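Just one chain is shown here, as C-alpha cells, and it is the form predicted on its own.
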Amino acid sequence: MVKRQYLPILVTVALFILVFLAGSFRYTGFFSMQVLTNLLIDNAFLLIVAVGMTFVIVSGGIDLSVGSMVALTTMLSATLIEQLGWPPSLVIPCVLLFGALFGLGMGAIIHYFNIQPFIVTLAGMFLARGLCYVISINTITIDNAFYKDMAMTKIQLPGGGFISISVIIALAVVLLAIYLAHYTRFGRNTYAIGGSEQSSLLMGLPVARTKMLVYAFSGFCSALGGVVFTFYMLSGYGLHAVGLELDAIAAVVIGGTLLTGGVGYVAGTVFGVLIQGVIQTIINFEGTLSSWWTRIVIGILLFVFILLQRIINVRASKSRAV
C-alpha cells in the first residue's frame, strides 16, 4: 500500500504524534500551542544545521564539522562586533560566506583527492574548533542592540502563542531546502549521486560541482545556524554546540534519510528535530529525570531506525532479485 521509501518518514511522523500525545495525557499544560512552538524556538539552530546535513547524507556523505562551525561562527561574530566594532550588517554576510567557503573547500578535497568524507570533515571539525580557542579561550558576551532585539523579539500568533525571529529564519531555510531538493537540477543530481556516484558519472552529471555545492550548502547552513545560535545565547564561546553534529545526524536519520544515500526528505528531518525537542520537553516536565535521558532515548531511536532502514534495503534487494 505504501512505497518503501516513504515508510521511514511515515513512521517518524507517527512517532512524533504518539510522543506528543503521550506527553499531553501525562502532564497538565503540555497540549498547548506554546509548547509546540517552543519546540521550534529552542531548536531553530539545530533545524537549520540538520537541513544542510540532510543534503550531505542524501548525497552519500557525512559532515562532522557542523557543530564546530556553529561555535566558530559565534566566536567570529562576537569578536568582530564587540572587539573590532563591525556592524551586524557586515558581520552576518561575512560569517555566512566563510561557512560556505569552508564547506566548499572540504567538498573539493573529498572529491578531487578521493578521501572519505568522514576523515575530511573530522579534520574540519578539529580545525574549526581549534580556531575558536585561537580567537579566545573565554566567553565573549555580545552587547549589540541588534542582536538583543533579535533575541527578544516575539511574533504573536493567533491563540496567544508566539515564535521568535529564529523560527522564521529556520522555516525559510526549510522551504528553500524543499524547493532545492525537489524542484531543481541541483537537488535531482544530489539524489542521483547518493543513489550511485558511478552511474551519475556515466550519465554525464556534474558530480564534482554537485558534491562541492552540497558541502558548501551544509557549511552555509552551519554558519546560519551559528548566527541563530548567537541570537539565542548572545555570546561566543569555543564550547558552544559541542556534539551538535551528532544531534543533526540523529535528526536526519530519525527523519527517514538513508545513511547509504539516495533517499531522504527535508520534511522528515523537521520531524526528526521535533522528536528530539519533544523528548527533552517531556523530561523537563517530569522534573525528576536527568537531561541525559534525552541521549538515551535518541540512541534507542537511532538503533530502531537504522534497523528499519536495513530491513527496507534487504527487502528491496530481494524484490529486485526476484
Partner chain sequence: MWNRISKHHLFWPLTVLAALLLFNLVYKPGFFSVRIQGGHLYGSLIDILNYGAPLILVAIGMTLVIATGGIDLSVGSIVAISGAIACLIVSRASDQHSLSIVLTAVGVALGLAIICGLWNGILVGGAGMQAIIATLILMVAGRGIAQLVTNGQIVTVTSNPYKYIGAGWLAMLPFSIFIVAAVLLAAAWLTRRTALGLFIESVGSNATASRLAGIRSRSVIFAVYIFCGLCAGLAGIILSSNVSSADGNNAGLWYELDAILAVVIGGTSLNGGRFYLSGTVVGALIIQTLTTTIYMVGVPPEITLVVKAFVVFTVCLIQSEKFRMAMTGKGKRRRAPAEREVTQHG
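Numbering follows the first chain given and starts at 1. Keep in mind that this is a model prediction, so the values were computed, not measured.
Absent from the display: the form predicted in complex with the partner chain. The rest refers to it.
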### Message
Which is the contacting stretch out of 73 to 81, 172 to 180, 128 to 136, 185 to 193, given heavy atoms within 4.5 Å of the partner chain in the model of the complex?
### Response
128 to 136
### Message
Residue-level contact is defined here as any heavy atom of the residue lying within 4.5 Å of the partner chain in the model of the complex; does Leu302 satisfy this criterion?
### Response
yes
### Task
Using the partner position in the model of the complex, report whether Phe146 sits within 4.5 Å of the partner chain, counting heavy atoms only.
no
### Query
Heavy atoms within 4.5 Å of the partner chain in the model of the complex: does Leu246 have any?
yes
### Query
Are any of the heavy atoms in Ala22 no more than 4.5 Å from a heavy atom of the partner chain in the model of the complex?
no
### Task
Could you spot which one of Leu157, Leu101, Ile115, Leu234 gets a heavy atom to within 4.5 Å of the partner chain in the model of the complex?
Ile115
### Query
Can you name the residues of 84 to 112 that have a non-hydrogen atom within 4.5 angstroms of the partner chain in the model of the complex?
Ile109, His111, Tyr112
